[in-house]
Ligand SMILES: NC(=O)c1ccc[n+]([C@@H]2O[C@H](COP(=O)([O-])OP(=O)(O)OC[C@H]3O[C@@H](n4cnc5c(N)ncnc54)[C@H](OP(=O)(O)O)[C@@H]3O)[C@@H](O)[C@H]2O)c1
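Given as structure tokens, the chain that follows is alone and in the form predicted on its own.
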Amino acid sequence: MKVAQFSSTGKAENVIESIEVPNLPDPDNNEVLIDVLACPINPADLLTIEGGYGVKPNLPARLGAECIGKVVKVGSSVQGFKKGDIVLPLDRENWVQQKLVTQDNLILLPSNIDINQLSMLKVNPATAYLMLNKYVNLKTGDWIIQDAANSGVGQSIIRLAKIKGIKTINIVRRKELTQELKNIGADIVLQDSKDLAEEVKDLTNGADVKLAIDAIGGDIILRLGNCLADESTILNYGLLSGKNIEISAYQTVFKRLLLTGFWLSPWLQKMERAEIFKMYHYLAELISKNSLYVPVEKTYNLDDIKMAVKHSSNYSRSGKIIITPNG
């Protein structure tokens, strides 16, 4: 059986490798053995390899925050799963050909949905869903602003906001992305600039913007904050710039802006299983209707993991990079 792992931190394509390990045993009573069909490469995966993620694994370490799999065998006490079922594991270390998962860590999904899209279900759509629903009471017609709008999370935010009637202001690095994002429901698409707040005010007719969602960090927070109404919220879920967040005393004291962070893992740990199940089935249903969709630029076999992570680190690409461990 092949797995992807790294034994030291550094540039992803230099330290990641595909290696052979012993095949897995039959599942224990409460376990399910699955073939991993597809798993996306996320920025957090690359950050982990580089040593910059919030949680540092013991080395050598395996990667992969999410995947989609097919059941191969079930343990004697497992209920609700059978051979051939399509499942979403809620644990990590997914860049492998096979894995054993306890039944409590699996979500059963419909078998008639695009596998590549389902492989991206756990992280980006759930992150977008929770950020839109758990922090600010957003209503139809309300405005939000986000950067990294062409990312997997960014596109999910646009699509989910459109369904709820929430209007989005989307910051991108490349002007040529404007029409692509408008085609999926973006209301306004802009490039970052020192005049961002004035542009937003003009284009929204002075509307109150209640939520800013940031994946970049650094000084863009200052400009996003200037776009917000008093007592609004800034949600940070990434650090693509590699720089610490900057926010002014005027924004925190006089505008009374709330800056907080989002990390999916603690949410999944504290949510009731029934709520997790409901969320993922709602999102899977949207994927089945093409209401939720993220472009895929290329798929790679596990043997080509070095090329895959190198390709994924190119932020000018037009879609996600997916690993298909079993071909």
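One-based numbering along the sequence shown. Just so it is clear, the model here is predicted, and its values are computed rather than measured.
There is also a form predicted in complex with the named molecule; it is not shown, and the following applies to it.
A residue is said to contact a partner when one of its heavy atoms sits within 4.5 Å of a partner heavy atom; I188 fails this definition for the named molecule in the predicted bound form, lying far away. Mapping the unseen interface onto this chain, G238 counts among the residues with a heavy atom inside 4.5 Å of the named molecule in the predicted bound form. Mapping the unseen interface onto this chain, N226 falls outside it, with no heavy atom inside 4.5 Å of the named molecule in the predicted bound form. Mapping the unseen interface onto this chain, V74 falls outside it, with no heavy atom inside 4.5 Å of the named molecule in the predicted bound form. Heavy atoms within 4.5 Å of the named molecule in the predicted bound form map, among the stretches 124-132, 111-119, 226-234, 245-253, onto 124-132 alone. In the predicted bound form, no residue of the candidate spot (A4, C39 and Q97) has a heavy atom lying within 4.5 Å of the named molecule. For the residues R174, K82, K164, K194, the 4.5 Å heavy atom test against the named molecule in the predicted bound form is passed only by R174. This chain lacks the partner; the member of L264, V296, L259, M271 within 4.5 angstroms of the named molecule in the predicted bound form by a non-hydrogen atom is L264. Residues of 300-327 that come within 4.5 Å of the named molecule in the predicted bound form, judged by any heavy atom, are Y315, S316, R317, K320 in sequence order.
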